[in-house]
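The chain below stands alone, shown as structure tokens; this is the form predicted on its own.
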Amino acid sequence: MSSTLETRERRTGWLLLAPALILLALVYAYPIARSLWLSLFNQNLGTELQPVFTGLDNYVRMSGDGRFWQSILNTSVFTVASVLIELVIGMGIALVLNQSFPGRGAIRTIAILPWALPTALIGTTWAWIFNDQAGIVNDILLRLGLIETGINWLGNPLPALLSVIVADVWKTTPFISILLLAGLQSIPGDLYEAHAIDGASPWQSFRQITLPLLMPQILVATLFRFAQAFGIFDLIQVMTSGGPGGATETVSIYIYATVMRYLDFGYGAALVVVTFVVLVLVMAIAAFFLSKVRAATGDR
């Protein structure tokens, strides 16, 4: 009887979800299918108006495209560095905001503001902060005597990459902290009290209670942030436009340049398809580990 009722409820749930799932399939499936089809053609409006079927030539061209592989490297470095830093800082902020202190509600509201602000506005602000002539960073370093002349943060490869990572960390760390804070509030306080009675230190409680029970939220936050960071466009476009010399050019910026500047729609579509496949594979692996962690912690 219970099995029949559960089957009926599940069928009703899928029936209610069907319209939304169909709409999502149409919204996402058509662009993906269109990009896959277009990637099999040579369609460059700068040289010819009519598309010419070339099969897998665009993908063969991609294998020898040094600029594409450099953009992949830039994107990977940016993604790994920003996500790891955001997780560490976000965890610290979440642990602080989970404590009871006067004005906690106001501080929580203020902490989320960087994530809520428009990315283009944040990019413009950080570009000014790292400006080599009138930027705050150089001004502070000069006043402290740490440098003798201003550093051209956005005009040199390594400083430019570090600058966009700092800007992204400042913007998106609140997103991580809010997700982790929600997970922290779901952990019963009795566990910490019992652990403290057994003589455990705060670090031991964090390592043996907080971290294992918070792992599903950590993996979810990592999954979301990886997808967002790998597809970063607006922040870097505003700050450096992929420069200097392609040092901060991500895959999204390279695709934008290929399609909008060079009008090479066929090759741009191939770049989109490959980027999509990489994201799907990574997210599938992350989802697999997430399901394993949830099963291990009893989170259903």
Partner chain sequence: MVPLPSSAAVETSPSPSPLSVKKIVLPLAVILVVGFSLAPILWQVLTSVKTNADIAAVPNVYLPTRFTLEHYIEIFRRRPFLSYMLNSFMVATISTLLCLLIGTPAAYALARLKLPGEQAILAIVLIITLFPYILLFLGLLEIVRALGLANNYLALVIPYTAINVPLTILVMRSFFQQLPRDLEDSAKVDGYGTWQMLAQILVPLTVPALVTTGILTFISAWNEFLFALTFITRESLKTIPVAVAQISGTAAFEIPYGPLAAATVVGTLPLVALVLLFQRRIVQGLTAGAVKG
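The term rigid core refers to the maximal set of C-alpha atoms that superpose within 1.5 Å between the two forms. Residue numbers count along the first chain shown, from 1. Here the structure is a predicted model, which is why all the values come from computation and not from measurement.
A second form of this protein, the form predicted together with its partner chain, is not displayed here; the remarks below concern that form.
Within 4.5 Å of its partner chain in the predicted bound form, a heavy atom is found for not a single one of 78, 243 and 247. Contact between residue 231 and its partner chain in the predicted bound form is found at the 4.5 Å heavy atom cutoff.
Using a 4.5 angstroms limit between non-hydrogen atoms, residue 184 touches its partner chain in the predicted bound form.
The shortest heavy atom separation between residue 237 and its partner chain in the predicted bound form is within 4.5 Å. In the predicted bound form, residue 159 stays away from its partner chain, with no heavy atom inside 4.5 Å.
Only one of the listed residues (147, 88, 73, 120) places a non-hydrogen atom within 4.5 angstroms of its partner chain in the predicted bound form, and that residue is 120. Looking at 241 to 265, the residues that come within 4.5 Å of its partner chain in the predicted bound form, counting any heavy atom, are 252, 255, 256, 259, 260, 265. Relative to the superposed core, residue 24 undergoes a Cα shift of 2 Å or more between this form and the one not shown. Residue displacement note: residue 277 has its CA displaced by under 2 Å between this form and the one not shown (rigid core superposed). Relative to the displayed conformation, the Cα-Cα distance from residue 16 to residue 217 grows by 3 Å or more in the predicted bound form.
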